[in-house]
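A single chain comes next, written as structure tokens; it is the form predicted alone.
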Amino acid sequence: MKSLSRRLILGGGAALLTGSAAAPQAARSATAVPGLHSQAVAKGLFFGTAVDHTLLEEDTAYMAHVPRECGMVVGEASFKWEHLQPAPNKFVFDQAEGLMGFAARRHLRVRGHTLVWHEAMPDWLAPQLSRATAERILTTHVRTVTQHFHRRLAHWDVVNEVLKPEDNNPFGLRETPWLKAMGARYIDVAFETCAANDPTALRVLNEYGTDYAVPWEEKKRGALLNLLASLKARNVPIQAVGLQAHLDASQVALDQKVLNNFVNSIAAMGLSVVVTELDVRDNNLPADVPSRDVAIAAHAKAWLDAVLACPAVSGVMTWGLSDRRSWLNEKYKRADALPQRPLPLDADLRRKKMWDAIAASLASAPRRAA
């Protein structure tokens, strides 16, 4: 494993995409080649994607492709606090249950995202958090939500994006209303409450910014490993780490050896790893669509090859399935105003080179033990 060269990311990369990548579009259609989840299952893995509740209601064509490609889904927003508890002690599960119903009809598993986060908080929440009240509020929310979905979810992202080393807190923890009110114990309480009330769902700490060999991400990887070691030493019932994998196709500091060592360090603690939110932004690449697609695919494959080489990695989720809808078009706009192409299917729901890259990485991954 080695670092990617600028030539490979920005121009070449075709050599990384063998097999299905070279096949004509017709031969790679949904009817001719099994979906990504079927290919993942052959290696003891899973593949899935995030679904926004509006897609369930407004885009039947998009949703028809989800069960063709996926074995698991996660709600983009429907399981977040602002939707589940919009007012104190008022729990609303309609959006989440909409996704649960879709998944049940199509025999898909569901991830819960996320029980505790410093964003997507309803307006009432932060002002109510104090040393006297925060633990009760946190415990009530996590207990109520996990009891509602008891034994129906495959995973819970118990805490999300807890690290920001530049805030200079112990273990590199992010300065949030939860940390201010409870200290680091809020993480313990969230995991303990989840374990007590929904013990069959995999309990995950989900984090971003651990992908590249750049100083701030190196610091974050170190902080995450230190936090995990502390949680394990305190017998906090964490079971897995989610690597979000919001990648940047123009980033040349993708060192496969560093990345693989990092994932293996997590595995050495007895934790599994899930790729939870994969997409590849292209806002710094030239406008030409074919070259963008090659660069995105090469970048995704290099990252996935390094991560999937670790047997502790159980599966891959993308943050959306088709380019017709991606948060990246709002967060990281292209200067030329063109839409980005960060996902496996294009805006017309056709498989493209990123689909090929994921398939190739799944095919080359070691088979997981039964």
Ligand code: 9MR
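All residue numbers refer to positions in the sequence shown, first residue = 1. Since this is a predicted model, take the numbers as computed values, not measurements.
There is another form of this protein, the form predicted together with the ligand, and it is not shown here; the text below is about that form.
Site annotation in the predicted bound form: the residue of R325, R334, K43, H65 reaching within 4.5 Å of the ligand with a heavy atom is R325.
With the partner removed from view, the residue among H113, R203, R221, R281 that has a non-hydrogen atom within 4.5 Å of the ligand in the predicted bound form turns out to be H113. From the list 117-125, 289-297, 228-236, 103-111, the contact stretch for the ligand in the predicted bound form under a 4.5 Å heavy atom rule is 117-125. Looking at S265, you'd find every heavy atom of it more than 4.5 angstroms from the ligand in the predicted bound form. In the predicted bound form, no heavy atom of H141 sits within 4.5 Å of the ligand. At a distance threshold of 4.5 angstroms between non-hydrogen atoms, K80 is in contact with the ligand in the predicted bound form. For E161, a non-hydrogen atom is located within 4.5 Å of the ligand in the predicted bound form, even though that partner is not displayed.
Contacts with the ligand in the predicted bound form, taken as any heavy atom within 4.5 Å, map within 233-250 to Q244, H246.
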